[in-house]
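Presented as structure tokens, the chain that follows is alone, the form predicted alone.
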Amino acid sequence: MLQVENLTKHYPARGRGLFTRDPRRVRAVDGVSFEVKAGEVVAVVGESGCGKSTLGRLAIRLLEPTSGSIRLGGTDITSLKGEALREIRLTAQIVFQDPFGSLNPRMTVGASIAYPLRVNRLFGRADGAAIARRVDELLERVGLNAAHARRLPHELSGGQRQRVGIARAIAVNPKLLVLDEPVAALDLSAQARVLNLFKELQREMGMAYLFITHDLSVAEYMADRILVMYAGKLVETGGRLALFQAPRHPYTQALFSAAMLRSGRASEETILEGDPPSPIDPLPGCRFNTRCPHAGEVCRAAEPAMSALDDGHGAACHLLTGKLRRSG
């Protein structure tokens, strides 16, 4: 459904003064490759600022990539423009983190959901009754009712607003949904209901999800496969069970240890010291080397390649290639 190859997004760094120009680059996403199969749920996890949301927006061309390629449903969309890009976007939609900020506060719920139907000309210009029926169907599908169509966003709870965002996203029957921290702004009870709704929609519509989250319990509940990001790079990929039962990269081990401790699958938590490196022109080598307890000279000199392990599991670490001996 989605194929991403060596995708990068670099931004110019802010100048140090009002009239100065900084030649350095912010490497938000730096050479990422992955795929999402039809009907599959792929979660992207990592610390805040690692590039997860940027990657999700790049995947459906809400952001322009610096380099790399994106294929959506077999079509190369990397350089599509205008009408061609608008048409292919019917294949993929996005649900944002903030259910209030992603809705126009001056548009009723019904108008917001109807908007993609009108702008993509999926109904005739004069067929307002058919659009209204479709809006009512969508509201019911996400657990609301026709009366909500007349309300404004501020009259709804956070969970209800997110359901409106979901209804708007599925209105055009997409094959791929990018879910950018879709439950992060909700309370726990609303989170559970919305996650179950995503599962129901996937079973009924057969959509694939690129599910971006910092919450590992959400990734474990939703995902078939997990991509672990650190400082703009993928450091480990694999099936959900493989990563939770036997993470191989030191960063993944530390990241998952708290989640495994809560579920009784670990006896102690691995604490990471220090902060992630600056994304502005990072130093050579593995980007995790400043926090890794096993880092050696090779880690500071050469960036590790993604090594294939078993059953689709892969990790980018010199420990796995024999170039570095595990300390302790």
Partner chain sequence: MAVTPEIAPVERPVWRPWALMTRHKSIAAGSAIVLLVVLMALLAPVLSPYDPNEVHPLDRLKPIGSPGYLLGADQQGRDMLTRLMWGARSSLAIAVLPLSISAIIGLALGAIAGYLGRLSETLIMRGMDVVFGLPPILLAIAVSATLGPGLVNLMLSLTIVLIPPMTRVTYQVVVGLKEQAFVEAARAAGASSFQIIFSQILPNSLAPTIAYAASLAGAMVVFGAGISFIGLGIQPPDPDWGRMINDGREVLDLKPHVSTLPGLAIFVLAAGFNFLGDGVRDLLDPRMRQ
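Residue numbers count along the first chain shown, from 1. Because the structure is a prediction, the values reported are computed rather than measured.
Not on display, but discussed next: the form predicted together with its partner chain.
Stretch 107 to 115 is the answer when you ask which of 107 to 115, 205 to 213, 234 to 242, 67 to 75 has residues with heavy atoms within 4.5 Å of its partner chain in the predicted bound form. For the chain shown alone, residue 133 is not a contact residue for its partner chain in the predicted bound form, no non-hydrogen atom being within 4.5 angstroms. Although the partner is absent here, residue 137 lies well away from its partner chain in the predicted bound form, with no heavy atom inside 4.5 Å. When contacts are judged by a 4.5 Å heavy atom cut-off, residue 151 counts as touching its partner chain in the predicted bound form. Proximity of residue 93 to its partner chain in the predicted bound form falls within the 4.5 Å heavy atom cutoff. Taking the partner from elsewhere, every residue among 103, 145 and 196 has a non-hydrogen atom within 4.5 angstroms of its partner chain in the predicted bound form. Checking 225, 161, 89, 248 for any heavy atom within 4.5 Å of its partner chain in the predicted bound form turns up a single hit: 89.
Shown here without its partner chain, the chain has 57, 62, 86 in 54 to 87 lying with a heavy atom within 4.5 Å of that partner in the predicted bound form.
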